[in-house]
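In structure tokens, the next block holds one chain alone, the form predicted on its own.
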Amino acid sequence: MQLKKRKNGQVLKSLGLVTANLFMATHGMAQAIDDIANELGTTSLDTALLFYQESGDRVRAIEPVSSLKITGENGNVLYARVTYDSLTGATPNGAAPWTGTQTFTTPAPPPDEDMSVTSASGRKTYVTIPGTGTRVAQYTAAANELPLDAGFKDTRYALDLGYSSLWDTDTTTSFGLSGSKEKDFTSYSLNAAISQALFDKNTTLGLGLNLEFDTSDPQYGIPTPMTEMNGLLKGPSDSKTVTSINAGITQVMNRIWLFQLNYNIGWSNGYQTDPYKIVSLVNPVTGAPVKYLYESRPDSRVRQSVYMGNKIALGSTVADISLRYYHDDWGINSITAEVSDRIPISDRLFIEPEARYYTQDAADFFNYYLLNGSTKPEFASADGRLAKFNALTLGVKLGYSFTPDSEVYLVAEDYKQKGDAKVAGAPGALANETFFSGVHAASLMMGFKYRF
């Protein structure tokens, strides 16, 4: 690997920053060192706008994000990112489809209050239960359709801060904190990491720790798991903590190949049930819905994953090939395979096609429905995110550099899930219903980078 001579020890600082930035997204190793050296004593701004839309009038998201990175002459880096999310649309509530119209009841705001930004508000009617004076909200699902909680809105604000410091040319430490706020959910996290370069910087060892603190606070309270869905106010807020450790090694295999292997383990403890999801309790003979129960999930979860990544310079292109295996004690096992290739079209223009395949098993307590008359399990969820499915993402990134320090880019992706539409052994008319509709979404992101 050839290195150009620079003043003030910039080569050594560059190598230290390569340690802090183990996998450059778009460059081979030699080019990465040149580019990082050029970042010493600079400030970089990256701002983008994401549009995301699921088919079938489901979730729509608009997300502007801006990040700022200040790199000192000594190689220390200060990083900040601000994100805003605006979500609207509809999402499956967990109930099983049926041959007739289904009606669902939720709490309603007082007549003089606006609807919660996280509750369905577009297709609800408000009624007062006779003899009680209790005002509730109701929405319906048409026959033979997967029930959706329609018309929800949500907003999220997030801030991420990070700082990395070169102790010497071989050792880098980093620290960060982040926070996000939604109407009904708050999350804060802290992280720290250290990396050590060995063997003339051909090998890098890394170790990181992340602590997360989450609070769920729905406007109408948290329902008691496995109780019947109703329009009454629920219990107080609840919280969970997440602790995760990441250990990895990055190895320069040769002048064109960079390899990374990471292992991550995380422990979640506390409230992990979705307060908006339900499970249908159905007649064991006809399959007709009897009632709807709020879902229930375990209050502990252990996640583990192994990640293998490769950056390979192939002539003028740079390929990124990765594989990730995931396992948790809820019974979910998944595999993610991803490949992309940055292809220069000219000195200023490049294109980067990508493909990602994902597959997972269902959680142990996942059920599309429960049978009336049977003993209720301790845990049950019909959330499609916990079902068995696979997904394919195809995308392309197009970028153009006006100058060596400025770039505009456009990223387009298509995401589609597939799963078993029918449930084997479903009672009565449920045998003919389609349970898994999956998610089919398109996204478009436009961004601008500038270094000064």
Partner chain sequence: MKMTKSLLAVISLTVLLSGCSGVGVKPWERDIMATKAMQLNTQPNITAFHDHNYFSKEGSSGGRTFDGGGCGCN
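Positions refer to the first chain, counted from 1. Everything numeric here is computed off the predicted structure, so don't read it as measured data.
Keep in mind that the form predicted together with the partner chain is not shown, yet the notes after this line are about it.
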property	result
Full three-residue contact with the partner chain in the model of the complex, heavy atom 4.5 Å, for 251, 358 and 389	yes
Stretch in contact in the model of the complex with the partner chain, which is absent here, among 98-106, 370-378, 133-141, 313-321 (heavy atoms within 4.5 Å)	313-321
Among the candidates 272, 71, 169, 262, the residue which, in the model of the complex, approaches the partner chain to within 4.5 Å (heavy atoms)	262
Contact residue in the model of the complex, chosen from 195, 296, 76, 305 - any heavy atom within 4.5 Å of the partner chain	305
Exercise: residue 282 in contact with the partner chain in the model of the complex, heavy atom 4.5 Å	no
4.5 Å heavy atom contact, residue 339 and the partner chain in the model of the complex	no
Residue contact check: residue 385 to the partner chain in the model of the complex, 4.5 Å heavy atom	yes
Residue 348: touches the partner chain in the model of the complex, heavy atom cutoff 4.5 angstroms	no
Any residue of 390-422 that, in the model of the complex, places a heavy atom within 4.5 Å of the partner chain	391, 393, 397, 404, 407, 409, 411, 413, 415, 417
